[in-house]
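Here's a solo chain for you in structure tokens, the form predicted alone.
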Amino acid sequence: MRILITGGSGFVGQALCQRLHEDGHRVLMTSRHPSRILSQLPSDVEVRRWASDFVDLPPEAIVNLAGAPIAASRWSEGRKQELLESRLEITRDIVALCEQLQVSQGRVPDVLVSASAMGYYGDQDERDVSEETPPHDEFSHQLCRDWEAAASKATQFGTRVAILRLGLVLEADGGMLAKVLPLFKLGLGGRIGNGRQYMPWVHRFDVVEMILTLIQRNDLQGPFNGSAPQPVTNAAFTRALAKQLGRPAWLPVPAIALKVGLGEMSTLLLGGAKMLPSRFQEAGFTFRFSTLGEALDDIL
């Protein structure tokens, strides 16, 4: 298949690109700076600036992973708008590609797998969270809601749309683990706030498998929780990581310090959702790493 990836140079995108290449698919990719990333990719990957630049090389599937990092800096009003526009701009361009292909060729991509995040649900305390759980209305929900709505517009042109609401993706070379491992290796890790907030996590290997499943299964559409079946609290995650590294974890981060230092963005760390992959399990998806211990054993 010809598969177009936006955000393909990112933490999940690079692993997906490599897997698709190994499986014999033709990989297309968007990048604002194509020349900068070509050296990181297999030689036959076609890189262009926009999704709509691929009208002459129409993809059969699209995976939309692009978006500015949500926790890179404090949430000023300007930063919030940047986070939203970085997601909406490329997603609207994907929908425009679907429309152009329908008009010019009478055939559109079979499927769009578009990323979202656990932030869709907002803070959910300790209740189980399925794809049907009503969200708590806060900025992270509003951001994901608008992103998902933009992707869903591709359905009007006949493209099947599957939304992947990702939890914390784990691997040693990026994501949350890359940020906290240096501290934990020094014995300077600790729980955040009271530690009772849930952290839905998922191994990057399983994320790639989820995306492939959503591409291949014509019966799967709508939202899917992209997390392992056994979410843990922040305190449990802290203990498991410290144990794996053979280090103490005795320096908790007080909630008040995060609220003062990060402002509204502190909700990402102090809130949580006990997100469960209900629809993936109903579809028969098999997790390679279903427990945090298995995932950390593999990664570390």
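The first residue of the shown sequence is 1; numbering continues from there. On a predicted model such as this, the values are computed, not experimentally measured, just so you know.
The same protein also exists as the form predicted in complex with a small molecule; that form is not shown, yet it is the one meant from here on.
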{"item": "Among 187-195, 114-122, 133-141, 154-162, the region lying within 4.5 Å of the small molecule in the model of the complex by heavy atom distance", "value": "114-122"}
{"item": "Ser31, Gly67 and Ile90 each touching the small molecule in the model of the complex (heavy atom, 4.5 Å)", "value": "yes"}
{"item": "Contact residue in the model of the complex, from Ser86, Gln102, Thr213, Gln230 (heavy atom within 4.5 Å of the small molecule)", "value": "Ser86"}
{"item": "4.5 Å heavy atom contact, Met199 and the small molecule in the model of the complex", "value": "no"}
{"item": "The small molecule contact at Leu168 in the model of the complex, heavy atom, 4.5 Å", "value": "yes"}
{"item": "Trp147, heavy atom within 4.5 angstroms of the small molecule in the model of the complex", "value": "yes"}
{"item": "Phe287 within 4.5 Å of the small molecule in the model of the complex, heavy atoms", "value": "no"}
